[in-house]
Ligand SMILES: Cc1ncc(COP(=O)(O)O)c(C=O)c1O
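Below sits a lone chain in structure tokens, taken as the form predicted on its own.
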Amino acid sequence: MSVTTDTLAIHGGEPAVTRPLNHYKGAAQVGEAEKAAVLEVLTAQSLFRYYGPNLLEKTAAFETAIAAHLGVPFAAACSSGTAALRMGLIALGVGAGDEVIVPATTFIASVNAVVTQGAVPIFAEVDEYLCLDPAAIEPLLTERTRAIMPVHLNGVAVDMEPLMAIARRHGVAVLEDTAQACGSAYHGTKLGTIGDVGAFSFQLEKNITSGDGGLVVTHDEELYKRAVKYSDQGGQFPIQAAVCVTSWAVRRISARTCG
């Protein structure tokens, strides 16, 4: 049973979860509903998002639902939080020689995603909550700065208002690493939806888990298209695959049918 309250449990509100959870957070909440959902997919042999003998379109349904929950028009699921970060960087045009400002305290995947793009991570000081300190950003900006990557650690929000003001003043993009903060909000706005792109993780230890998995969200259609094209060999599955490859039977029809 879900619980909705305006008061956090730590401040006397009703706890959303009343049973003890182990270290693995999302995995600790796996119950009969999750088992049934997995069995449904296995029984239908619907293991691939584009086609199958009985395509259930679970991934598309998830993208639609979480986009509505977050209040964004575009959401693309992917294989991991790291993949989501790379998709976000690609969407923003980050490449060789560019600089991306990252917090000095974060999980290594945040920095690795930058390095893998051939870009240079520029480490900025963190605040008392171990989140990127907006006051440390401006002195680090150069003509090569392409993006800022605030990381919301342990469900705690980076102070996004001054950070976004700096980014907009200098024409620098913002990629929110929301891997550890799915469901958290900043002044009532869901984290991951404040910057140009938000990246989420559904790895075993995260608030929501599918074992592994990730998500990219944005308000910008062009950024969305760039991200999803990169995620699947240059294709654009939300448009082409959904129309042309809705089932195994359709896939077997002549390619001319789908244009």
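Each residue number is its position in the shown sequence, starting from 1. Just so it is clear, the structure is predicted and the values come from calculations on it, not from any experiment.
Missing here is the form predicted together with the ligand; even so, the following discussion is about that form.
Checking 122 to 130, 165 to 173, 137 to 145, 78 to 86 against the ligand in the model of the complex, the stretch whose residues place heavy atoms within 4.5 Å of it is 78 to 86. Scanning Ile90, Ala109, Val72, Met160 against the ligand in the model of the complex with a 4.5 Å heavy atom cut-off leaves one residue, Ala109. Among heavy atoms of Gly52, none comes within 4.5 Å of the ligand in the model of the complex.
Contact between Gly26 and the ligand in the model of the complex is not found at the 4.5 Å heavy atom cutoff.
Of the heavy atoms in Val102, none are within 4.5 Å of the ligand in the model of the complex. The ligand is not drawn, but in the model of the complex it has a heavy atom within 4.5 Å of Gln203. Residues of 142 to 180 placing a heavy atom within 4.5 Å of the ligand in the model of the complex, in sequence order: Val151, Leu153, Asp177, Ala179, Gln180.
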